[in-house]
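Starting off, we have a lone chain in the form predicted on its own, written out as structure tokens.
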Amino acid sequence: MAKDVIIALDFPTGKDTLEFLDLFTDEKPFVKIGMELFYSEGPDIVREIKKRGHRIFLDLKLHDIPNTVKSAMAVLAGLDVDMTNVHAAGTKMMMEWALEGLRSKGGEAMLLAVTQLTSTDQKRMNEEILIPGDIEDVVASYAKLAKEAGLQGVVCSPLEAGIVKKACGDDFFTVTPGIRFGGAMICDQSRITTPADAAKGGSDYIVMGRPITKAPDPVAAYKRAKKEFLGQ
């Protein structure tokens, strides 16, 4: 897959989502379907958006015992998405079984591992989650574990994309949320950067939600993101 900007479709209903996608008449953006939309509309919204020609990152962050995750991935394989993910904290075995479940039903999606959420900073990781050490070292360790499990990449902060590349190689994909245009509000994110800096830092895909979906002109905001990230 080529580098791209992924729009997070963080809408409460399918109607809101499809009305948003109708704004894009010249191209079909790569989109992310997360928990809010999937839990609201179920698999049908994935099928509808796929039918419209969009590539899809199904962002459900599975994290459970290996057998449960394997079975869930076998079901998700039938949705023919392009990316999906699990939490790396679920252990190497869970990630391996997730991949087995996905491939057992013919799923060809890129399977990613979430390292640390972009809302988690150093203090929260150490004091609340009780993971010691530097957050960069933890992300690199999780990324290496994901690679050993056979996964194709990770979800990480754009600030750690270069660290992941150094630990796992340039062919190991980095998908990075926490992207904001210069001067934008941080909101609930802690480890963020701009599209241009994400490109310099080693991100293969950037995920942007509110800076695009809440923009006065979402299409213009999407084109700006692509220009800054991809230079086009």
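It should be emphasised that the depicted structure is a prediction, and the values quoted were computed from it without experimental measurement. Start at 1 with the first residue shown and count on from there.
Form predicted together with a small molecule: not shown, discussed below.
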message: Please tell me which of Lys61, Lys166, Arg47, Lys28 lies within 4.5 Å of the small molecule in the predicted complex, judged by heavy atoms.
response: Lys61
task: Just give me the single entry in Met73, Val155, Met83, Leu151 that has a non-hydrogen atom within 4.5 angstroms of the small molecule in the predicted complex.
output: Val155
task: Would you check, heavy atoms only and a 4.5 Å threshold, whether Val114 touches the small molecule in the predicted complex?
output: yes
- prompt: Is there a heavy atom of Pro195 no more than 4.5 Å from a heavy atom of the small molecule in the predicted complex?
  reply: no
Partner contact for Val207 in the predicted complex: the small molecule, 4.5 angstroms, heavy atom: yes
- prompt: Counting only non-hydrogen atoms and a 4.5 angstroms cut-off, does Arg180 reach the small molecule in the predicted complex?
  reply: yes
- request: Would you check whether the small molecule, in the predicted complex, lies within 4.5 angstroms of a non-hydrogen atom from each of Ala8, Lys32 and Pro211?
  value: yes
task: Look at the stretches 166 to 174, 53 to 61, 37 to 45, 195 to 203 and give the one with heavy atoms within 4.5 Å of the small molecule in the predicted complex.
output: 53 to 61
